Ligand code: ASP
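Heads up, the chain below is alone and in the form predicted on its own; it's given as structure tokens.
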């Protein structure tokens, strides 16, 4: 089980996590926690203050982190002896944090290695506090230091995990303790390199930690507890009548993430995908909701739609090759320009005389950019919206999806439906002003599919 920052933000949130963990405590269970909400950003600020000759502000911020964790313990634990032990443990860790900050301040240098050490205190503190809460509430558990068994390279701030070394370390250190203690509390986001120096896995690292540990212990399932009830049929900020999708495939999640879905990034559960371990996405604040179970394959006789994601402020770009130009040079030059200007390429169609792309730009001034970079080419471009529809046997819905697009086309050549590139997704391109019309009609198809 992995719980994110909002799930362990304060005392009330941690007690909800305790209730969930306690319910499943008869199993052999590894609980992975993120830092309390906002703590990682505070630690980054601490490090920056220390390295920029503002040590007093750095220590002031570190003390606010200490107080936050003190407050959680004071609110939950009412046994004086147990409370003192817990507060002393937090104090010991935050004193160690201050020592690191002092070193950064003295050197006036913040190396990636030092930053990883400092960032590790967010997860170390949240798991320490939670383990004391468990013991106070008479749930036996064992706190373990994730870098002892999550092994990575030495690419500090964004380390790559080594699954072979992690499995070996888990066999030696984690699994024997798990079999004996039944409940392990450990950290997301952090690991260690071959020299046992602490590393971090980058943003989203707690989900990745859960998937790595799940693969290392050959877990039955990996449960990602968040503040949403699984993967929804659409973005609830755009549509009100969304539903939780009960089962999806890894490939569907990958397609939706590519087009902007935020619930779960496939790279963070890659170890689970490779070992075919089911991943369940659940809501800490609605624990009775069954959430979404993500599987390698779903075998169904009937086609079924699951979810749609829409992305606006995209660009439909058409570039004609000059008659005298060599095609390879033309194509290479085009994609080099797009790459250098940080465009995310969502779709490409290439013919001998034309390249068409659907792009997600950064905040560039497109008129100036295209006029400057493609001044020797005949180009056309329009803003557009892109929608990605996911499901099982999705080709059966190609005709219905095409009809929705065709009704709005009115002679425009950049309304398109792209199917066949994936067994689990259909992509639609439309004018920006028609995004909500298409989204609502596609979502209606999804709701009918689910109810059917």
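Numbering follows the first chain given and starts at 1. From a predicted model like this one, the values you see are computed outputs, not experimental measurements.
What comes next is about the form predicted together with aspartic acid (ASP), which does not appear here.
### Query
Counting only non-hydrogen atoms and a 4.5 angstroms cut-off, does residue 389 reach aspartic acid (ASP) in the predicted bound form?
The answer is no: residue 389 has no heavy atom within 4.5 Å of aspartic acid (ASP).
### Message
My question is simply whether residue 361 lines the interface with aspartic acid (ASP) in the predicted bound form - judged by any non-hydrogen atom within 4.5 Å.
### Response
Output for residue 361 is no: heavy atoms all beyond 4.5 Å of aspartic acid (ASP).
### Task
Would you check, heavy atoms only and a 4.5 Å threshold, whether residue 117 touches aspartic acid (ASP) in the predicted bound form?
Judged by the heavy-atom cut-off of 4.5 Å, residue 117 is well away from aspartic acid (ASP) in the predicted bound form.
### aspartic acid (ASP) contact at residue 422 in the predicted bound form, heavy atom, 4.5 Å
No, residue 422 is distant from the partner.
### Task
Tell me, out of 246, 276, 203, 344, which residue has a non-hydrogen atom within 4.5 angstroms of aspartic acid (ASP) in the predicted bound form.
Here the answer is residue option 203.
### Query
Thinking of aspartic acid (ASP) in the predicted bound form, which stretch from 60 to 68, 380 to 388, 31 to 39, 47 to 55 has heavy atoms inside 4.5 Å of it?
Of the options given, it is 31 to 39.
### Message
Given a 4.5 Å distance limit between heavy atoms, list every residue of 182 to 201 close to aspartic acid (ASP) in the predicted bound form, or none if there are none.
### Response
Just 189.
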